[in-house]
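What follows is one chain in structure tokens, specifically the form predicted on its own.
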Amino acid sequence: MHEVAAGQVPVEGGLAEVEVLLGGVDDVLADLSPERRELFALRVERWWPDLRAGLAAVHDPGTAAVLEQRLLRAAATAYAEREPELHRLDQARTLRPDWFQEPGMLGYAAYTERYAGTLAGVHGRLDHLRELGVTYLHLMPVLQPREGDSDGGYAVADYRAVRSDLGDVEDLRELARALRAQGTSLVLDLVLNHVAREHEWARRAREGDPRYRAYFHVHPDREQPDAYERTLPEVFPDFAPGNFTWDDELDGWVWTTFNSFQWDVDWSNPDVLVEYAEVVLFLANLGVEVLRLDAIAFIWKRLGTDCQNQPEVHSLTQVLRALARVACPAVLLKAEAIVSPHQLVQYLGQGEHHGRVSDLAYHNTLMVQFWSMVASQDVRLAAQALGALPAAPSSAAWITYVRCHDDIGWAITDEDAAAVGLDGYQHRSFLSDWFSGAFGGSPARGLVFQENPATGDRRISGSAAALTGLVAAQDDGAGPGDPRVDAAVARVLLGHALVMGWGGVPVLWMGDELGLRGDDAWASEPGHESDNRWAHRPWMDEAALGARHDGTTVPGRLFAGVRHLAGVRASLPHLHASVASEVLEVHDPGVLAVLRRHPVGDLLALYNATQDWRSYPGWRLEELGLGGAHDALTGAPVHRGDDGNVWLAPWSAAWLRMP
């Protein structure tokens, strides 16, 4: 391999122009050692075909060629400025590219201020994270939002500044270092679809700068907006109906998918791509290791469609990923795409994008199906929906979760419902009734979010404690030994067993490991009055956190249970994310069976989603070669009844493997 300075880069796959490209950044790399210049050249040689292909799918050849030069300069600049510790991390991750797929991965997600007050305050919670085994910490919107209502921080006013109440950029850098020292990756949100009206780009557009006006979708009258609206859904029909907002200063209708103060950016503009590429590299050099690409499904607009999940979304993600692989390969991209089940796998890569787009994506279907199982005490729909999903690329991983910061939308297709004899609309309606407590006998105490009378859509807000019946039991005066409390605790742990036993990166939502009820005073905070999702975004309960080691308390029982699940999971190579989860046939409608085939042996996970003892056929266990299996969660042989079948306690899980 020749040095970059010599301009002799071996070229494969039609990349003759790479020599010219690298020659254009000699000035940026001039002060680096020959070894580091050579490493950069090797990365360009390896990853530039992906970047080039992504650009070619979106832009004409002339525009794409100019963009290549601009993006390479951005990558070279970030690479040259990357501090030695991060450079070493890049090398370690390159040598171990499956680091995020290993079964020891465990995530935790929280709002910084509600978890620890400030970024500096998170340092005081490191023992809590270590005890749980957390290796991935997602701090919800940390970048500077607009003042007032900011959609929970997702109306970003400055991508290069930290919220002043949380600290500053140096505090963020120091926290990333502290987390990295204990083996925990820092995860931050990067909102791709829109910026706040107060962002510099929007401010300059309002001031009449044509360059920045072109950063947004602006229309002089309603002709085009009305044409788009014919096929566009409404994300927030209650408080933000429609998808366009008139702005007097802009003198036009600007596209606002989410709120009137969140302006959608125009990703067909090459300048927008470069701006976001530079933000990715800036955050990477602060020590951020995973970027959650917020609202990624919405970034490309096409008339006559719902303007979600367009092919260009995946091509642009491929560009960003290839750029990161060149400049900062320790960094992962995570797609925040809460889409219909059949579209999910596209965000991890299918067809030409296989293994070339996001490294991580949210397994929304798994979360939805867990709650459906809890309400119906029937796993047949879950088995159908989960079994129908295409396999994810072996180089990627799902983010699995019981709850997150958002509402739960019932992403259940009519086709999956019909396949098991259900009416999709009626089942979705049942789930909304059940988890809002409107269904007779339901112990859940969730809240209806964004009811849409036109479609009947009703999403649900609520903590795990509220949705599993723990809050209702405690409000009725039930103590730690009450059967209702025991059942709710078991349901919370069942959900975490499911997401930890699926593979991928399981992520805990702050407070669920302690049974926090939520924030009953959510509506009293300014700006939160119309958004009941704040009900499941509580402030950390110091008393509950302090009781986490007391096994006689609910926080102690849940903390110990989650910690145990995570510890067992970390010991099982079967749960490496490259291994696919295979949903088996249903023998008992209350028991979900998931098989993971691994060279060290198979792992059969069984989940009883009912209030009764349920069984799994002993003959099927023998057929799978697991007749002498032990339950990894108990360390004991499987519990067999006189009938030879495996019997599972109510709301329980078993992970079966041969000893």
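Source: prediction; values computed, not measured. When you see a residue number, it is the position in the sequence shown, counting from 1.
What comes next is about the form predicted in complex with alpha-D-glucopyranose, which does not appear here.
When contacts are judged by a 4.5 Å heavy atom cut-off, residue 258 counts as touching alpha-D-glucopyranose in the predicted bound form.
Remark: residue 539 does not count among the residues lining alpha-D-glucopyranose in the predicted bound form, judged by a heavy atom distance of 4.5 Å or less. Taking the partner from the other structure, alpha-D-glucopyranose in the predicted bound form has a heavy atom within 4.5 Å of a heavy atom of residue 262. In the predicted bound form, alpha-D-glucopyranose lies within 4.5 Å of some heavy atom of residue 533. The stretch in contact with alpha-D-glucopyranose in the predicted bound form, judged by heavy atoms within 4.5 Å, is 286-294, chosen from 286-294, 70-78, 213-221, 241-249.
Among the residues 403, 445, 428, 194, the one placing a heavy atom within 4.5 Å of alpha-D-glucopyranose in the predicted bound form is 194. Contact with alpha-D-glucopyranose in the predicted bound form, defined as a heavy atom within 4.5 Å, holds for exactly one of 416, 336, 512, 359, namely 336. Judged against alpha-D-glucopyranose in the predicted bound form with a 4.5 angstroms heavy atom cut-off, the residues 151, 154 and 236 are in contact without exception.
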